[in-house]
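What follows is one chain in structure tokens, specifically the form predicted alone.
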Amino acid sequence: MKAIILVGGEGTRLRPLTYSVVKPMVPVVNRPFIEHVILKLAAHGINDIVLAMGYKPDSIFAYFKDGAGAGIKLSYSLEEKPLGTAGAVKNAGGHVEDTFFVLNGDTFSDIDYTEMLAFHRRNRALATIALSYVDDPTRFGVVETDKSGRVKAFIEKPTRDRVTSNWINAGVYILQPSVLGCIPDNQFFMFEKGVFPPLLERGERVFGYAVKSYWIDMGRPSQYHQLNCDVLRGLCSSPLYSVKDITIEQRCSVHPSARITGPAIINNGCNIAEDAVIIGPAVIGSNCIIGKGAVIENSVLWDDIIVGAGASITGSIIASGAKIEENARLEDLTVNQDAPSDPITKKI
């Protein structure tokens, strides 16, 4: 079974984090976000995967190569210009010959892909759209269905007075190859406006698959922060992380007087000084130095970060290479030294 993952955009909603790393490579519990997604698919036998990309692909190539080491076949489809969700799939269409999955590269979920495929086949669907229930659907595309799950209508990002359902497009689709014929070549084209509504108008069999498991769109810093915390707490699963109270990887030095309260993961080569305090949920990347008496609470730190003595970091995201001064106080911030403006001003 094949899947196309849409990882193309530069991730403007995740700024300032994506000034230093492309969106698919943003770390979730110290591993690239897109690696979690790929291995979740592979666990359901979907191990022939196309990454549809358009922005700084070199780091992705360097990390994954052809995927053979993980028992996965990875192919790459590059965009010379932004093509939108459907346009990117059409651009990658030469890789597909049969029923295939499409995943939005912003979403993380515990969708049962095996059951979703069975649902698609039982209903002889041309297209099946995963649906997730949210309290506030105004930022998403609302999908109305009948009792059998057949889609009746789409409302893209409705105002509150137009909300008729709390079930939204979750950014995971199963499509028959003939859907590609609805998408023009080399044009910016979106599933939400250019493909699915016309299919309904023609009376095609389009179904919604209700997802009752974990789902999040991690496109904003606050949601990215939440995703890391949720993985640590075991609220969602990943083949790359086994839930533990405290995980300390290799070559770490932790002073006997330091206090660590889980859930927390500390990656390779870190130095935790005397009287330092780490209060979970907390993610500490590789080769970080946490100074004497520093406090890290409910935060995500990437690699090669220096936290000065007595500093306090709460509810924040710190990108790789940052240096936090002694006795600094950071709360609910996103910090990236590579951002083109003052990095310590961006609220989560």
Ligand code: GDD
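Predicted model, so just to flag it, every value in this text is computed and none were measured. A residue's number is simply how far along the shown sequence it sits, counting from 1.
The form predicted together with the ligand is left out here; the points below concern that form.
Considering non-hydrogen atoms and a 4.5 Å limit, does the ligand approach residue 113 in the predicted complex?
Result no; residue 113 lies far from the ligand in the predicted complex.
Check whether residue 238 has any heavy atom within 4.5 Å of a heavy atom of the ligand in the predicted complex, and answer yes or no.
Residue 238: no contact with the ligand in the predicted complex.
Flag residue 83 as yes or no: does it have a non-hydrogen atom within 4.5 angstroms of any non-hydrogen atom of the ligand in the predicted complex?
Judged by the heavy-atom cut-off of 4.5 Å, residue 83 is in contact with the ligand in the predicted complex.
Please check if residue 228 has a heavy atom lying within 4.5 Å of any heavy atom of the ligand in the predicted complex.
Contact check for residue 228: no, nothing within 4.5 Å of the ligand in the predicted complex.
When the ligand is placed as it is in the predicted complex, which of 75 to 83, 203 to 211, 254 to 262, 228 to 236 ends up with heavy atoms within 4.5 Å of it?
Of the options, only 75 to 83 has residues within 4.5 Å of the partner.
Among 247, 109, 145, 169, which has at least one heavy atom within 4.5 Å of the ligand in the predicted complex?
Of 247, 109, 145, 169, the residue with a heavy atom within 4.5 Å of the ligand in the predicted complex is 169.
Even though the chain is shown alone, can you say which residues of 205 to 225 have a heavy atom within 4.5 Å of the ligand in the predicted complex?
Counting only heavy atoms within 4.5 Å of the ligand in the predicted complex, the contacting residues of 205 to 225 are 215, 217.
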